[in-house]
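Alright, here's a single protein chain in two forms, structure 1 and structure 2, each given by itself as structure tokens.
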Structure 1
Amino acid sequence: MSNTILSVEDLHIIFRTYLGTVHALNGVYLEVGQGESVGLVGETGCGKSTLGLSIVRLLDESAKITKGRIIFNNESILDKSQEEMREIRRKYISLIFQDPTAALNPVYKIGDQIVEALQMSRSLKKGEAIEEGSKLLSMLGIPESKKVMEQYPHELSGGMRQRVMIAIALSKSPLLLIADEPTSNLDVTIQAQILELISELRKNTKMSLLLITHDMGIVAQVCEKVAVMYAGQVIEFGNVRDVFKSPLHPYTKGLLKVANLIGEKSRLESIPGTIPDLRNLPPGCLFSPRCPYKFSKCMQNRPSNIFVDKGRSVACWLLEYKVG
């Protein structure tokens, strides 16, 4: 197994709101090896973006980490000062935000923002940074890239702003790239082009990738491993080929059917029910209210991760009897 660049251990995060305490993450375990690509999948509201933001310590003020550890490059992220975290974000971890409008500074030109990122991370002179920034934008399918660098974020379309965000993230040549739905606003042609560029960069620089997405097809195309999240927990983890070929958790099976990757190809599938209210979590397995295979133990006790093979884990009582 490759050296671990990121390790999340039993992470619990709550948000205090006027409607009550939201239990956003409920004991997350996750590992990303050096040079590995890991897909993080699950329904909207399951905690994927919260996990990504917690790794770079950019959570909202209402959030509180109540338990757990985040280890990046053999150092504890949660023990770092704000200045140390800014240095880590400048040089070692890049984050592609889901909403580029909120991430780009509206009062600075696109070129200024890309040049600043290049100069901070790679110590380039301004002229060199301008050329490199223009080249990056061109590689991401932006025509007349030098003209775009003279524009402000509000002058660009949503898809163009998303590509600018990706350019800024890739300009650092980070150890770890966290990409939160990086191609959601892009057409299929540009999406394929960007995913190919990210994959090529990984091969050339040994960069690790944590790809946050709801698209199982993209995970199959880009990632080596997959972590399936549900209600703030990673309930299945393993090699993409193993998980997609033989899913062990009922929720994973449901996601793959919804994505039309298993089962009858012409039949539209869905998972009955919804994610539980994170302010009032049910006892036992959090998926049990929706699970067609539940039995009494599922509704009484929450399962821990069972390691069924090297690098493969599942949090499901059904597996206890098969393994034990």
Structure 2
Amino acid sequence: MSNTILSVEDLHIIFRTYLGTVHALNGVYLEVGQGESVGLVGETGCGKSTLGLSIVRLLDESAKITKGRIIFNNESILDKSQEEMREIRRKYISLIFQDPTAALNPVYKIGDQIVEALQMSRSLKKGEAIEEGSKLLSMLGIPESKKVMEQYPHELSGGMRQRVMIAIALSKSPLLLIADEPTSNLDVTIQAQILELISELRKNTKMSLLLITHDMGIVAQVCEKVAVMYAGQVIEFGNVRDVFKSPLHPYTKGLLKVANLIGEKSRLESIPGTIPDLRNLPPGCLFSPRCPYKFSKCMQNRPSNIFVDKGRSVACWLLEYKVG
């Protein structure tokens, strides 16, 4: 991709807790091109959501960015003032949450919340905003949008609420949409509808998408590129087809096997071992304790992202020799 909309370089984030310092992100590299859709996959607690929130700079106060850069639209996010950041959130980046129930304010009508979002990003009169909002809702497949706008969040179903959240996210016509497990709380049929909707919208609007999920199937269905995260690192990044066809990192191989997307379909498999304690990281490669191919170097040095070829990178010492 020639135009990069978002690039994350060597991002380190720690959380200070009373139990010690948690190393949530340990050198993340990520690139999202204009109009591209990138899937961010990984196990629970690997730092997917932390990465998502750090892009809009809405992390908890206990979080601290110790190193790295986030470049959005050719500007460094981490150097922005609060006011400039508000401007970016207002106009350019949207985020959809996992739980649409919590993300809508329970005391306001759906319509009021959409109208407010529209008015925050564009200078619309109230009447225009109401029209626009109802159009947006119908576009997202909500029947009788005018009626829905008069309802309160608790009166809608989960799928409907998520549609409303997407409508609010789209109201500013963002350059980048970060969707943090947008379908995890929905049942399978609604899940498919919402995903279809998101990919449809993306194709029509030139918006970039960063889809955070733990479901490899969703990535295969919606995304062009995939970034696999493990213990706060993107350990493999590349085109979905390449990565799924020939995974290079042992963890990606394991993940795909578990997801039953490659290899013979057999009993439920799992990757032996658990993710490392993020308060107490191993000195070398973070995956080394679970890796069947580890050798001495893996225990001493942590691999950074090695570029295999254009648009494909892997953080694994095994590749160093293959690439040369």
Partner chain sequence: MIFDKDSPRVRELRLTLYVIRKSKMAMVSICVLVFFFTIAILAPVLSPYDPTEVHPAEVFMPPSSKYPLGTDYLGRDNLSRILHGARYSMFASLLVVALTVLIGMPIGAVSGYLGGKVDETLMRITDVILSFPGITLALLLAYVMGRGIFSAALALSLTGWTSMARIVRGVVLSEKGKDYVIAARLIGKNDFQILFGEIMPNCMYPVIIQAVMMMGTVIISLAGLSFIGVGVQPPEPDWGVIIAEGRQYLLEYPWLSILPGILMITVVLAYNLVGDRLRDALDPRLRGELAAK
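If you superpose the two forms and keep the largest set of C-alpha atoms that fall within 1.5 Å, you have the rigid core. Nothing here was measured: the structure is a model prediction, and the numbers come from that model. Numbering for residues begins at 1 and runs along the sequence of structure 1.
Note on provenance: structure 2 matches the form predicted together with the partner chain. Core-superposed comparison between structure 1 and structure 2: the Cα of K206 travels less than 2 Å.
Core-superposed comparison between structure 1 and structure 2: the CA of P250 stays below a 2 Å shift. The rigid-core alignment places the CA of Y152 2 Å or more apart between structure 1 and structure 2.
Core-based superposition between structure 1 and structure 2 puts the Cα shift at L136 at 4.0 Å.
Its Cα shifted by 2.7 Å, A103 is compared between structure 1 and structure 2 on a rigid core fit.
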